[in-house]
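One chain comes next, on its own, written out as C-alpha cells in the form predicted alone.
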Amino acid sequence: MNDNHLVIMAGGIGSRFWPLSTPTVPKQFIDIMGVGKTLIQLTADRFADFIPAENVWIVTSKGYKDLVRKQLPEVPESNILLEPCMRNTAPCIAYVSWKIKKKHPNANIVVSPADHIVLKADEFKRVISKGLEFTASSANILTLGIQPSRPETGYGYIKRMSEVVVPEIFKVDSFKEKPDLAKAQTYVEEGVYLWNAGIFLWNVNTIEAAFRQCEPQMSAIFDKLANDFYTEKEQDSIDTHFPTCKAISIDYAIMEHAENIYVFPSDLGWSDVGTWGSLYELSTKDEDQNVVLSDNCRVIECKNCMTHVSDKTKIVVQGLDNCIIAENNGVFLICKKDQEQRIKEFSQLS
C-alpha cells in the first residue's frame, strides 16, 4: 500500500501579487504563469505520479473551500481541512499531521506550499522520492535546500554541515533569517548555505514527537481534538479550538529547535514566486527584456517590463522601462520594479 502523503498548504493571501492576487482569490488559485493551470494545480500535478489523490491533503482557509474543490476535484472533500483563522504554518501542520495519523499511523509525509514553481520536474520527483525513503527509514526531519544561483535577500537560508549523512543528504547546522545583500553574498561564496524552500518531509510519528517535545501546549490541543476527527463534530471543534493555538511558523516552532534536522541540497529550477520581480526572473523575455504574459497586451518601445492583464482587458504600453504593469477586474498597477516592496501599501489605496 502506498503510505506516502502530500500536504499542500494553501491558506495565504498573496498580498505582494496585487492586483492579480486578492484576499478573495489569492495567487495560489490563479494562473500566474500563463500556462493554463493555477499554481495549486501545478503543485498537485508535480506529485501525481507517485502520491495517489486519496493521499493528498489541502489545508486552507474556510473561504477558499470552493476554489479548492473546483480546481482539485480529484482530492476527497474529507481531505480538505479548513482553518477558521490564520495561525501560521505550525498549527496548520499539527492539525493535518494529527488527522493523518489517526487513519494512517505510519504515513510518510511531504509538506509543500501551494504557490511555488519547480521547473525541473524529473529532478524534483527523484529528490522527493529519495527523501521519502530517507524519512521512512529514519526518525529524521528532512527539508529541501535550493542551491543558490545569486545572493538573494528575499529568502531564508539553511547552513549545512560538511559531512554527508547518506549520499546527497547533510545534517543541518543552522537556519538563517533573510540576510542583507552583503551577508547574502558571503553565504553564496562560502558554498554551504542553501535557500530555504519551505518543503518538508517526515514520518508522521517523527513530526508528532517533535511537536510533543517543542510545542507541548499545541500538541495537547490536537490530542483533545483528535476524537472528533472524521466525524460531524470536527469542523465545529476546529473552529472553537484552532484559534487558541499560538501563531507560529514551523521554522520557529520545530526546525530551529529539533536535533534531527537534515537537508537535501537540490537544483530544481525552484522559485517561491513571491513577487512580480521573481516571476519576471522566471519568465521568457523578448529582445528588449520584456515579459508579456497576456496575448491582449502589446508593449511598444518598452524595456525590462513585466506585464500581466486579464483576458477581458486590452492594453497598449509605450515607452516604459523597468516597470510592472498588472491588471485584474479593472484595477491597474503600474509601478517601478524596484518599488515592488511597496505593493501592499499601494493596494490599500485602491
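On a predicted model such as this, the values are computed, not experimentally measured, just so you know. Each residue number is its position in the shown sequence, starting from 1.
Keep in mind the form predicted in complex with a further copy of the same chain is missing from the figure; the text below concerns it.
Residues 40, 273 and 280 are none of them found to lie within 4.5 Å of a further copy of the same chain in the model of the complex, as judged by heavy atom distances. Of the residues given (62, 303, 298, 285), 298 alone sits with a heavy atom within 4.5 Å of a further copy of the same chain in the model of the complex. Contact annotation: a further copy of the same chain lies within 4.5 Å of heavy atoms from the stretch 309 to 317 in the model of the complex, the single such stretch among 309 to 317, 49 to 57, 23 to 31, 65 to 73. Residue contact check for residue 333: one or more of its heavy atoms lie within 4.5 Å of a further copy of the same chain in the model of the complex. Although the partner is absent here, residue 339 sits close enough that one of its heavy atoms falls within 4.5 Å of a further copy of the same chain in the model of the complex.
a further copy of the same chain in the model of the complex comes within 4.5 Å of no heavy atom belonging to residue 44.
The shortest heavy atom separation between residue 325 and a further copy of the same chain in the model of the complex is within 4.5 Å. Residues of 31 to 67 placing a heavy atom within 4.5 Å of a further copy of the same chain in the model of the complex: none.
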